[in-house]
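Let's start with one chain on its own, the form predicted alone, as structure tokens.
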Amino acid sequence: MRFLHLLKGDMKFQFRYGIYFIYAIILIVYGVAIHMVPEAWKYRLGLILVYSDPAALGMFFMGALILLEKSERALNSIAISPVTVDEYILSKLGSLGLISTLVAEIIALQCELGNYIWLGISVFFASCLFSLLGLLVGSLISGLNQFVIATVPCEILFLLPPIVYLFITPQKWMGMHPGIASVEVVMQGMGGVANLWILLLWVILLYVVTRSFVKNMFIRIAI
């Protein structure tokens, strides 16, 4: 019950600060771009947009939310409340993951990507991965400029390989990259179950690391 209250509170917080509005604007921009490109490019462009939505936006939105909670001292209240670190993290992942998945499904329908159930599962876990990265970085810094500088290398590291894989030189060994694993799940559907496990493994590993940093952040704030 407490987790559901946290999830609802996070969604209200995101709505109040315009996260949903920004997603709506980006969805319109993506829709225009999809209809402007040649038909032959639409499928691959759709794959990149579906993946980059939780990647780029999820990471920055998560960082922005953490910084807002710090500036409003909302974290001070959470840190001394009965809320656990796991409940805090999972509510963040769930709230951003749901909106990212919804937006990705709309993009996928426009591009006729197919495999919509598997696409939704893949995008949700990809959103969790990048939200965890944003949460990890956000737990260590206190300013927006610091956050942007810290996340740029992460964006390059996680966004560039899928583009190279799709448009330049696909190699089997590249499937170990979480972004490429996510794209393969979308492309293959049921045939991409192994790639889904790779993506899930990345999420679990990053969750363990991020949990440690968030726990330390709570301890620092509570002291």
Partner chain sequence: MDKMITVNNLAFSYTKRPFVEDISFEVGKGEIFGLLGPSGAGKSTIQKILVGLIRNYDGSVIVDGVESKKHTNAFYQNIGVDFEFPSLYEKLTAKQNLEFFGSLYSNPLRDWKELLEEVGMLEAADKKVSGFSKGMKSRLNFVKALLHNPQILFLDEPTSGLDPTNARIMKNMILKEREKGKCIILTTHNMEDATELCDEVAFIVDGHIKAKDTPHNLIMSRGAARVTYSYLENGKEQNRTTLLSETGSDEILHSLLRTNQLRSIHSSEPTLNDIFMEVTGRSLV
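Remember, predicted model here, so these are calculated numbers, not experimental data. Numbering follows the first chain given and starts at 1.
A second form of this protein, the form predicted in complex with the partner chain, is not displayed here; the remarks below concern that form.
- Mapping the unseen interface onto this chain, A74 counts among the residues with a heavy atom inside 4.5 Å of the partner chain in the model of the complex.
- At a distance threshold of 4.5 angstroms between non-hydrogen atoms, I78 is in contact with the partner chain in the model of the complex.
- Contact check for V83: a non-hydrogen atom falls within 4.5 Å of the partner chain in the model of the complex.
- Contact between E155 and the partner chain in the model of the complex is not found at the 4.5 Å heavy atom cutoff.
- Shown alone, this chain has one stretch from 43 to 51, 64 to 72, 157 to 165, 176 to 184 that lies within 4.5 Å of the partner chain in the model of the complex by heavy atoms: 64 to 72.
- Contact annotation for 27 to 52: no residue has a non-hydrogen atom within 4.5 angstroms of the partner chain in the model of the complex.
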